[in-house]
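The data below hold one chain only, encoded as C-alpha cells and taken in the form predicted on its own.
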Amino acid sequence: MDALARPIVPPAPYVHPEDLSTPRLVIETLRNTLGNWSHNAFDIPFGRRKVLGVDSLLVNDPAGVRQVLQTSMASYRRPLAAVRPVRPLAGAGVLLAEGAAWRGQRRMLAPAFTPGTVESLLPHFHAAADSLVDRLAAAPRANLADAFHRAALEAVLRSLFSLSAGPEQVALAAMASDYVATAGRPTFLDGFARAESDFAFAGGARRRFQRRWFAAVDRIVAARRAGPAAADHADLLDRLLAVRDPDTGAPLSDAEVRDQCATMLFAGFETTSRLLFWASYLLSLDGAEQARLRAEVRAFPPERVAALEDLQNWQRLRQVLLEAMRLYPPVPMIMRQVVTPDVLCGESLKTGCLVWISPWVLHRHRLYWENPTAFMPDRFAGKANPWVTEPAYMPFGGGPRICIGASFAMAEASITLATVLARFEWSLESDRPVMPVGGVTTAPDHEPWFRLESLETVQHHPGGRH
C-alpha cells in the first residue's frame, strides 16, 4: 500500500503499559533514556512523582514549558546532572553559561548567526557536500552515520575555521562521538552531586577527554590565527575575533574564543549529522518519499543554491527534515531545577524540585499530534519556522535560549541531503531495526550499512556554483 495511504511508523523503544516502579525506572533509564516511558506519559499534560527521594515533574503542557523556559526562567536553572557531562565539551561557552554571563555571550555571538552571515557560509556547505558525494561514489555501500558525521564536521570546520577535514580533525570527531556514547552519558553520581567537583574519583575519563578536546581545539584556533584572515569575514572565527563587549569594548579572551569554538564545533557537527542520518534512515523506509524529494531536487539542483531564499525551492525536503527532528529530536531531554518556589501546571514546587521537559515525549504526544508515531512530513506543510510557531515542537530548545544556530543547521542539512539525493538512491542492507538511544543527542543503537545506487544521468558540478 502507498505510504500516503498508510504512513511509515519507524521503530521506537518499547512503551510500557504502566508507569514503572522506581527500581525498573532506574534499570530502563540506564539502558536507554527513551525506553523508560509508559503510555500515560504521552497522554497527560503533566505528571509528578518522587524518584529516589527527589520530587520530579514531567511537563508536557506547552504553557508550562513556556513558563519554565521563558516567562519564569529565572526560577529554574540547569541542574548539575545535566551540566557535568557537557562541561568537558563546551567549557564556559554559551551552551552552559547562566544569568548575566549567558546574556552577555548571547548578545556578542548574535551577529555571527544572522541570515546574512549564514548565507555567506553557503559555499562552505556546498564544498563539504561535494566532498561527501565524491567519497560515497567510491563504493556501492556506505555507513551513512559515519559519512554524515565526517561531512558535518567538514562543513563546520570550513565555516568556523576555513579548514577542510584532515586526519586530525576526523579523529577529533571520532573522539567527541565516543565521549558522547561513553563517559559523556549522565550517571547516578551526576544526579547526587552538589558541585561540579564532587565525586572526582569517577571523573577521570571526562577530565582526560577535556584535556585532549581543548588541546585539539586550541591547535586548530592557533593554526587559523597564524594564517591569513578569511576574505570579508567569511568564517565564524574571524567574526569571533572581531567581537567586542558592547559595554567595555574588550575582545574575547583566548579561553573564551576556545570555549565558543569548542561549543560550536561540537554542536555544529554532532546534532546536524544525527539529523542527516535519521532523515536518510526514514527515506530508506519510505521509498516513495525519497523519490518525491529527488524529483524536487532535480527541478532545482543543489548547485543553483547561492542564497538562503533559494532553499525555498525545496519545501518538501524541508518538511522531511522537520519531521525527522520531530521523531528524533536532537536533544531528547531538557532538565531544570527549581531555584525559587513556583507554581507550575497548578502544582506548587519547592526549591530543589526537578522539572523534566522531554522533546521525545512532547513530539509524540497524543494531545498535540495526529498519528504521532508515524512519518508524515505533510504535517509541516506551509509552516516556515515551526520551532517558533508550534508550541509542542521544540527541536532547537525553546525560549530565549533557543539554539542560536538553527538557521545554520537547517541550511547545512538541506544542502547536504539534497546533494546526496541528486547523486544516489539508497536502501538498507539489513532488515534489523535501528533504535534511537537517548543521551546528549538522539543516536542510533547501531550504525547500519546502506546500499547506494549512483544516478549517472544527474549532472554533477564539483567545480563551482552558479
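None of these values were measured; they are calculated from a predicted model. Heads up: residue numbers just count along the shown sequence, starting at 1.
Omitted from view is the form predicted in complex with protoporphyrin IX containing FE (HEM), to which the following refers.
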Name the single residue among V297, I334, C353, L327 that comes within 4.5 Å of protoporphyrin IX containing FE (HEM) in the model of the complex, judging by heavy atoms. I334
Pick from G184, G91, P395, P302: which residue has any heavy atom within 4.5 angstroms of protoporphyrin IX containing FE (HEM) in the model of the complex? P395
Residue contact check: C403 to protoporphyrin IX containing FE (HEM) in the model of the complex, 4.5 Å heavy atom: yes
Quick check on R106: any heavy atom within 4.5 Å of protoporphyrin IX containing FE (HEM) in the model of the complex? yes
Residue-level question: is A151 within 4.5 Å of protoporphyrin IX containing FE (HEM) in the model of the complex, judged on heavy atoms? no
Hey, in the model of the complex, is W37 touching protoporphyrin IX containing FE (HEM), heavy atoms inside 4.5 Å? no
Of the candidate stretches 308-316, 382-390, 271-279, 360-368, the one with residues having heavy atoms within 4.5 Å of protoporphyrin IX containing FE (HEM) in the model of the complex is 271-279
Candidate site L95, W102 and A409: all three near protoporphyrin IX containing FE (HEM) in the model of the complex by heavy atom within 4.5 Å: yes
Hey, which residues along 51-85 are within 4.5 angstroms of protoporphyrin IX containing FE (HEM) in the model of the complex, non-hydrogen atoms only? R78
